[in-house]
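Before any questions on binding or motion, here is one chain by itself as structure tokens, the form predicted on its own.
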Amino acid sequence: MTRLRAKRHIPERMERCAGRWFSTPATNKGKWREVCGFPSDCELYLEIGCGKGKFCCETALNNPDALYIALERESSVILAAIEKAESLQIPNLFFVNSDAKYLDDYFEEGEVNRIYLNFSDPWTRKKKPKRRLTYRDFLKVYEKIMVPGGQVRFKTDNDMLFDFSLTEFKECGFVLSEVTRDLHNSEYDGDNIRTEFEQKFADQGIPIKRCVATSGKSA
């Protein structure tokens, strides 16, 4: 996937938005709501791979009572999202500049209500499936940090990744619903928020695949 070109003065620009992101997210483990100033019973949504922030900004604005944490490993990419959220002064949206492999260090068991995976890297090269964010090792971590009945909402343009993900979800005991291979022409598109990549793919005539995977973990 095409990413942003490297931006200049990233540290200085990140510092200007210091209240919007966490440099040591592990210290928030088990107390994200408290640290961010939200009620202990509010829902916590996590987006893994937020890109330039269109989706997380719109989703946070549409769900003002939920706390939204957006994670992105690329500094030059997350900077665009942070500055966008800061310019819009979205009170319930915060960021983590890190890799998804550290999620277990950042979130306590049962702390997250919902996870969004939007157009993750399909890792199509040989011997790379373990790096896919829907590989079973990641799914086990998601299930651990989510509440019982928590949801993973997954979208992709890639047929191979979609098929792979459906199999992994089932193998890990997730219950699938709202499965579609053409989201924009389905009944599920009504409240769908398009990401930057999603709009690009749609403009190219590429159907968007989407599903909801609900954790089978018991309380």
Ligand SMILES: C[S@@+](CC[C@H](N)C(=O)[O-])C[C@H]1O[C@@H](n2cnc3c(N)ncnc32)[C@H](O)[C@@H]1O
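Being a predicted model, the structure only gives us computed values, none of them experimental. In this text, residue numbers run from 1 along the sequence as written.
There is also a form predicted in complex with the ligand; it is not shown, and the following applies to it.
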query	finding
Heavy atom within 4.5 Å of the ligand in the model of the complex - residue from M146, L79, A85, L133	L133
4.5 Å heavy atom contact with the ligand in the model of the complex for all of L161, D182 and K209	no
Candidate stretches 34-42, 173-181, 190-198, 61-69 - the one whose heavy atoms come within 4.5 Å of the ligand in the model of the complex	190-198
Non-hydrogen atom contact E74 with the ligand in the model of the complex at 4.5 angstroms	yes
Heavy atom of N113 within 4.5 Å of the ligand in the model of the complex	no
Contact of F95 with the ligand in the model of the complex (heavy atom, 4.5 Å)	no
Contact test in the model of the complex: D121 vs the ligand, heavy atoms, 4.5 Å	yes
In the model of the complex, residues of 88-104 near the ligand [heavy atom within 4.5 Å]	S98, D99, A100
